[in-house]
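Just one chain follows, in the form predicted alone, and it is written as structure tokens.
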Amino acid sequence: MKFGGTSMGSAERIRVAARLTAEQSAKRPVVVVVSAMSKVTDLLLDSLRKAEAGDQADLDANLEKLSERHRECCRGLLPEKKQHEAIAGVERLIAEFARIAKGVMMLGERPPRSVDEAVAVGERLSAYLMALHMEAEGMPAVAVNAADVIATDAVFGNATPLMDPTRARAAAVLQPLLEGKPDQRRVPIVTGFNGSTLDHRPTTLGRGGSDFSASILAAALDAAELWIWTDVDGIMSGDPRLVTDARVLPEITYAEAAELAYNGAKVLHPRTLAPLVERGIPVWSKNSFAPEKPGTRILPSVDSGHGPHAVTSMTDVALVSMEPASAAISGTKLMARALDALAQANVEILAFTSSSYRQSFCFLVRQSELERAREFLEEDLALELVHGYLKPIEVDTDVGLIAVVGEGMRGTPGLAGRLFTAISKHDINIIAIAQGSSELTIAIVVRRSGLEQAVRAIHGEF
């Protein structure tokens, strides 16, 4: 069971997380993975930026804010006689962070390895507090630093797990805590987001890191299932901020969840699902603020019926268009070089489409990656641009992406017609369309001004 930042955001929320853990632990062995308290990772990263800039006063203010929040949580979670020792433990962990921040200040820069070690302190604090609370309530638990369990490569800030060494570490560190009768077991409260290299240098797992930690451990321990506790009722058929009648989906497939996440929905990140797919471990997305609600189950396959399951959208995107200026340059080779440049830039392509005769093509990227994409494209294709073989690269940021997702769309005639008719009724122009051969997702690019209305029209139609 994994608890996110809002589910660990206060003493009250940690009490709920502990209760939900205890309920399941009475029935079967449970491993818990925790995020830092909400907003704490941002505070830690800001503190490192202050240290890098040599801003001692703001760094000290941040450290005091960090300390006071966790001291307050101690007071809300623990009986008075246990608070002094707990607060001393909190201060020790914050002192570890302060030591790294001081090193950053002396260097005047933030080495990625030091950042990884420092930001994991947020998860270490929440794991420590939850384990202390459970112990105080008579529920045997122990805080575990995931650096002792999850083995990764040495790409600091965005590490990839090494599953065989992780499985060996999990067997040595976690398995002994899970064996025996319920009264002999101790619940491991494991830090999310972090791991370590084979020679034990601290790393972090990047975007969606705590969810990823939970799925790595679920796979390494051959878990029966993974529960992700968040602050929403499950995975929805549309963004409830845009679609008033959006509903919680009872079941979706791994592939659908990955597509929704890739296209902007707040669902499990695609790489979070990867360790689970091979072993077919089901995932529950549940709301810790309303645990009685069933949530959404993510499975290898479900009976999808006919048609899409959900619609999602993204606004912070840019459409990049490229076209040869003369027949002297092959459109196919141009596409290959453009894609290679984007790969070198480590830029994700959200949608790609091309025309046949003019050999023009366009692709959608996140606005946060646009500058890097453009830089690599212009560098790689500099000669063609200078000599006029390639028209100037065009960029349009006044666009949005809509993704319509569903396993049930495969082989179902008439869906595209209904989809485009629903949009056209509102006089919304479609700029680009992309659909893969799997028929799992139809991606549509429209003007930003028409995006929300188009999402509502599609949701209403299906």
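Residue indices: 1-based, along the sequence shown. Only a predicted model underlies this, so the values are computations on that prediction, with no experimental measurement involved. By rigid core we mean the largest C-alpha set that fits within 1.5 Å across both forms.
Note that the form predicted together with adenosine-5'-diphosphate isn't included here; everything after this is about it.
For Phe363, no non-hydrogen atom is located within 4.5 Å of adenosine-5'-diphosphate in the model of the complex, even though that partner is not displayed. In the model of the complex, adenosine-5'-diphosphate lies farther than 4.5 Å from every heavy atom of Pro140. Residue contact check for Gly238: one or more of its heavy atoms lie within 4.5 Å of adenosine-5'-diphosphate in the model of the complex. Though the partner is left out of this view, Gly331 does not reach within 4.5 Å of adenosine-5'-diphosphate in the model of the complex, counting heavy atoms only. Shown alone, this chain has one stretch from 149 to 157, 105 to 113, 92 to 100, 261 to 269 that lies within 4.5 Å of adenosine-5'-diphosphate in the model of the complex by heavy atoms: 261 to 269.
Interface residue among Ser196, Asn145, Thr230, Thr253 relative to adenosine-5'-diphosphate in the model of the complex, by the heavy atom within 4.5 Å criterion: Thr230. Along 1 to 36, these residues reach a heavy atom to within 4.5 Å of adenosine-5'-diphosphate in the model of the complex: Lys2, Gly4, Gly5, Thr6.
Relative to the superposed rigid core, the position of the CA of Gly157 differs between the shown form and the other one by less than 2 Å. Relative to the superposed core, Leu242 undergoes a C-alpha shift of no less than 2 Å between the shown form and the other one.
Superposition on the rigid core between the shown form and the other one places the CA atom of Ala403 2 Å or more away from its counterpart.
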